[in-house]
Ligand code: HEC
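Taking the form predicted alone, here's one chain by itself in C-alpha cells.
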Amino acid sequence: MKIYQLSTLLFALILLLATCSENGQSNEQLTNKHEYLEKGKTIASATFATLSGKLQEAMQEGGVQNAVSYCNLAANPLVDSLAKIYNADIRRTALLTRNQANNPTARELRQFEIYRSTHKAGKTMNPVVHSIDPNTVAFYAPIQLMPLCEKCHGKVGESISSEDYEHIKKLYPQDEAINFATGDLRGMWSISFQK
C-alpha cells in the first residue's frame, strides 16, 4: 500500500513539475491562442511596416549612412510610441545584435534557439504565443533577412561598403549584426501584452 501511495505521489509531483514553466509560472493552456496570435501578428506587422518605411525613406534621402543614423536616433522611440498605441512591450532581439539593448532575455533566448534549430532543419518557423503569467501573453515570431537589409546587415566589402561599415561602427561600437544573407534568421519579434 505504501509503495502505491509513494508512486502515486511521485507521479503527481512529476506531473506538477512538467506543467510549470522554467520561470516558475504556470504554463497554462491559452484559451484564446488564435486571438493572441493574430494580435501579435498585427503589432509585429504594423511595427515592421513603420520601421521599414522610415528606413527606406532615410536611405533614399541619404544612403545607408543616413538610414543607420536615423535608426540609431529614431528606431527605439518609434517602437516605444507604437508600444503605447498597442499597449504592449515590443522588442526585436537576436543572438547577434547591433544595439546591445536588444540582447535576448533568458526566455527569448530559449525561443530563439527553437527557431534557429527549426531554420537549420529547413522547416517553417511559425509565430507562437506563450503565457508568461496569469495576465500576460508573449508573442514570438522569426525575422528573416530581406534583400534590402543586406545593405546594413550583409557582408562587409560585398553588400556593405567599408565606408558604410565604418559609420555603423561609430554609432554601434559593439556591432555583431553583420554577415547575414537574404533568408537568414536575423532575429525575432518578442511582443508581450495583457490577456
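Numbering starts at 1 and follows the sequence shown. Bear in mind the structure is a predicted one, so any value in this text is a computation, not a measurement.
From this point on, the text means the form predicted together with the ligand, which you will not see here.
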Complete contact of 92, 152 and 172 with the ligand in the predicted complex (any heavy atom, 4.5 Å): yes
Assert contact residue (the ligand, in the predicted complex, non-hydrogen atom within 4.5 Å, options 156, 128, 143, 132) equals 143
Picking from 121, 109, 96, 85, the single residue whose non-hydrogen atoms come within 4.5 angstroms of the ligand in the predicted complex is 96
ask   = Though only this chain appears here, would residue 177 touch the ligand in the predicted complex if you measure heavy atom gaps against 4.5 Å?
value = yes
(request) Evaluate residue 43 for contact with the ligand in the predicted complex, applying a 4.5 angstroms cut-off between non-hydrogen atoms, and reply yes or no. (result) no
Subject >> Contact label in the predicted complex: residue 49 to the ligand, heavy atom within 4.5 Å >> reply: no
With a cut-off of 4.5 Å between heavy atoms, is residue 55 one of the residues that contacts the ligand in the predicted complex?
yes
Across 65-89, the residues having a non-hydrogen atom within 4.5 Å of the ligand in the predicted complex turn out to be 67, 68, 71, 72
Under comparison with the form shown, the C-alpha atoms of residue 76 and residue 113 in the predicted complex shift by 3 angstroms or more, placing them farther
Shown form as baseline, in the predicted complex, CA residue 71-residue 140 shift of 3 Å or more puts them closer
